[in-house]
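Have a look below at one chain only, the form predicted on its own, in structure tokens format.
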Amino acid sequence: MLGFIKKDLLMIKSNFKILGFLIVFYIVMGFMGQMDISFILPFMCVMIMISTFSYDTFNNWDAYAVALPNGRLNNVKAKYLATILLIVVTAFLMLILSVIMAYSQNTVINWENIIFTLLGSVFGTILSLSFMFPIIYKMGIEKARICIFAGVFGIIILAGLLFKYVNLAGVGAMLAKLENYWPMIILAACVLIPYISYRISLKIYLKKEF
């Protein structure tokens, strides 16, 4: 298992320089008050990990992995764990940067706002990988890119229709009743959703031939 995780992390080692550059860039923009960096960097980790699927295909990694003991299980599990590990590390880095920014700008640290923002960022990023990974395992990385793009476009259209025809006041009132429970709901979803996604991906991968 650890070998599979290490393999994925080594494959994206060259991308760490790009990620480091983006961190510096978004830090500067954050200090200037031009953008919120809390979501972009964790999402970049997902996109970088998606590139490992291309490396696996190019190097025929799957044919080798499935020949190893528990290779199919460990290959899928490692992909999820490595991605979530990067997201958590990046989120922790964002927490530190948010505190540093608040101190440097002599502003009061709003811990509740920072934590809630980070939880929302982690949730949105994990939701993205939970949606994309099963599609990639099912269709392959090349076809999956088109499907993911179409899916995102469809979600945007659906959201637009919901905003137009759904009574948002009623939805807002219902969500307000859950205000005190949102951290627990988000944490539970961050565990349950990727687990369901992992089980779907594993089921797909166990049936594939290489």
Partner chain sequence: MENILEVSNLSKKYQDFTLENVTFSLPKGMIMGFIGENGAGKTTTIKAILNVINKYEGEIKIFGLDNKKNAEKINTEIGVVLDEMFFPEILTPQDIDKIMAGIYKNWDTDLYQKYLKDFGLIASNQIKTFSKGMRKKLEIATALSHHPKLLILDEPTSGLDPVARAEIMNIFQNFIQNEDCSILISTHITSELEQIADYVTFINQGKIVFSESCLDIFDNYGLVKCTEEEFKQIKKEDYVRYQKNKYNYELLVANKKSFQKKYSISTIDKITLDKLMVLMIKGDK
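Numbering follows the first chain given and starts at 1. Just so we're clear, the structure is a prediction, and the values are computed from it rather than from any experiment.
In what follows, reference is made to the form predicted together with its partner chain, a form of this protein that is not presented.
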Completion exercise
Only one of 57-65, 140-148, 181-189, 42-50 sits within 4.5 Å of its partner chain in the predicted bound form by heavy atom distance, namely 57-65
Handout entry: Proximity of L10 to its partner chain in the predicted bound form, heavy atoms at 4.5 Å
Key = yes
Practice task
State yes or no: in the predicted bound form, is some non-hydrogen atom of N15 no more than 4.5 angstroms from a non-hydrogen atom of its partner chain?
Solution key: yes
Problem - Contact label in the predicted bound form: K77 to its partner chain, heavy atom within 4.5 Å - result: no
Handout entry: Heavy atom contacts to its partner chain in the predicted bound form at 4.5 Å, residues of 181-210 in sequence order
Key = L206, K207, K208, E209, F210
